[in-house]
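Coming up are structure 1 and structure 2: the same protein chain in two forms, each one given alone as structure tokens.
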Structure 1
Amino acid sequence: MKAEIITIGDEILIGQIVDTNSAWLGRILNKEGIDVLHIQSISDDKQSIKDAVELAFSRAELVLMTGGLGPTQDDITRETLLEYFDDELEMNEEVLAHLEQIFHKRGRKMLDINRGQALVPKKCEVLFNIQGTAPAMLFKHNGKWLASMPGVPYEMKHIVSNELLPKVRANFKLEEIKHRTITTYGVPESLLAKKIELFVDMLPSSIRPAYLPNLNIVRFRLSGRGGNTIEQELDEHMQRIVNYLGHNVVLSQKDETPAEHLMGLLKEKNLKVTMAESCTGGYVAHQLTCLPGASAVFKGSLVAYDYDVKTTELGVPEDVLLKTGAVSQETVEFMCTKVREKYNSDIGIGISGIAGPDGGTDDKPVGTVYVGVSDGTNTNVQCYHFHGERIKIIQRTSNAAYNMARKLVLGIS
């Protein structure tokens, strides 16, 4: 089954927001065995919407649209679909009751523009939006389906998972695509490809490889569709590659972030981590705390941005800071060992560097970052020279820190 995604909104085209809906939809549909072959992002413009629908119907059986269903004047999707399907509006009492309840619960007075959201096209099936005010609409047209949903991500996700997919599963025969993805650290894409060339050349035509490089990490994926044996085939091929690369290169045998992987490791070994962050400014802690269940492995982090905080809170000696600087082997060694003790944890991570754009020197240019990890017995500090803009340096540093912590926990030197 082929699907196509259409996201509507000038804010996407002028880059005021990043379209994360498509990625989420792509992931969910792929898991169901539905191939997304095209994503179109288009303007809040009637003709553009009609053209996009026409094109999508010409190459997909399931069309998912998001956006343009709000109550305000710039929201024209419903009106346009009404014209496209030659339909008319009617009041949906169930939706109206839901709207009244929402407004009552929020203690807000219901306006005419809000009430107008309960008007739905006669030909559509309403996909109930319990999280928000705009109902989603499912049109069936010459055996093909089009679902129009609000662009607000959590509303859209809830509608797809709870309203749309059960109907799709019940009406179409789906065959899942299977993937195996590993996450590697520190080997550039071309070098990785060269390393595993022989394994990749041996893949059957039913299995497709892909390299996804990002921030010193390359995810390597094998994908295939082919009945009962495909899962086993994928496992076997991937296992050979993992064995060959080894755990120094293979950060994880899953598609997960370095923080996710470390969390799993720490849970398994019942260890807790803390960190002292300077240039990463809370990002490293956030990578862990955005994951449900982080409290099982994480006690806290000290974002020691200021010189003062480094001395008073972490006890980095003034003379060390003066002699070697805040961005140095010595300072970071202090940071990781001290935060580990102070916050009473098993693993301590320390980070100090120059994220830029200012602050670089000839000696220590922007991108110079020291990362230290300690378990009380072993302490390892490394100096990195990252490139790219500020946020990329922060993100690369976070990946490096989690990879170093992983290797410390696993005893890989």
Structure 2
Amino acid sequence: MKAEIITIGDEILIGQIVDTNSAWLGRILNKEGIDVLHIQSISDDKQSIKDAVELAFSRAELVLMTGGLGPTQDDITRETLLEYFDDELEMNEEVLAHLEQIFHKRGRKMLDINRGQALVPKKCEVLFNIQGTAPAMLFKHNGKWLASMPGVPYEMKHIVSNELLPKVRANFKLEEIKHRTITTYGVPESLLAKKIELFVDMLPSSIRPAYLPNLNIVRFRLSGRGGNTIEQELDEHMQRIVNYLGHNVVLSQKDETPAEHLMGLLKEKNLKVTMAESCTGGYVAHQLTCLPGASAVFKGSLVAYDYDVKTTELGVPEDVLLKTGAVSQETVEFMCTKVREKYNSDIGIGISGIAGPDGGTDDKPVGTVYVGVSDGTNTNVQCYHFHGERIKIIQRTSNAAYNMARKLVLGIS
């Protein structure tokens, strides 16, 4: 089944908000075996909406539209679809009762503009929006479906999961797409492709490869759709690639972030980690604490930005800082070992560097970062030279830190 996504809103086109709806819809539809072939982002304009619908119907069986269903004058999607399908509005009593209940709970008087949201096109099937005031609408046209939904993400997600997808499954034959993904570290996309070229050339036509590079990390994915044997085929082909690349390259045999992978390892081995960060300013700890269950493996962190904090809180000797500088192997070795001791953890991570755009020297240009990890017995400090703007250097440093910690936990040199 082929699908197309249409997002409506000038706020998306001018960059005022980021379109997260399309990304979520793409993931959900893919799991159902529905191929998303196109995504359109269009203006709050009648002709733009009509043209987008016409184009989408010409190349997809399922069209998912988000945005423009609110009660204000700039929300014109319902009226535009009414014209497109040559329809007329009628009052939906179930939607009206829902609206009255919402306003009663909020202690607010329902205005006529709000009551008007219960008017829906006669030809549509209402997809009930329990999370908000704007009902979604499902139109069936020449054997094809168009679902128009609110742009509010949590409302749209509930409608898709609980209203739309059950109907799609019941009316269309879907063949689930299977994926196998590995996450690699430290090998550029082009070099990775060259390394596994022979394995990729051996893939049958039913399996498609894909490379997804991002900040020193490349996710490599195999996708297939077929009978009962496709999962076994995917596993066999991917395992050959994993065995060839080895653990120095393969960070994870799942589609997960470095932080997610390290958290899993630490949980499995009942270990806890602490961090001392300078140039990353707590970003590395943030990646871990964003994950549910982080408290099982994370004890705490210290942002040691200033020299005084490095000496008073981490015990980095002043003479070391004066002789080698804050961005040095010696300083970071103290940072990762002392933060482990200070907070009584199993693994300590230390980071100091120059994230820029200023502060670089001939000896230590912007992007110079030292990352250290220690478990009390083994300590490893590496110097990296990252490129890019400040946030990219910070993100690359985070990925490097998690990879080094992973290798320490697994005993990989």
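In this text, rigid core is short for the largest set of C-alphas that superpose within 1.5 Å between two forms. Computed from a predicted structure; not experimentally measured. Numbers follow structure 1, counted from its first residue as 1. Residues that one form lacks are left out of the comparison.
The form predicted together with another copy of the chain: 1 or 2? Pick structure 1 here.
Rounded to whole °, what is the turn of the smaller rigid part against the larger between the two structures? Value: 10 degrees, smaller part relative to larger.
Following rigid core superposition, Cα shift of Glu163 between the two structures in Å: Comparing between the two structures after core fitting, Glu163 shifts 2.9 Å at its C-alpha.
Relative to the superposed core, what is the Cα shift for Thr133 between the two structures, in Å? Its C-alpha moves by 4.0 Å once the cores are overlaid.
Where does the protein shift between the two structures, taking runs of 3+ residues with every CA moved 2 Å or more once the core is matched? Shifted segments: 16 to 18, 67 to 173.
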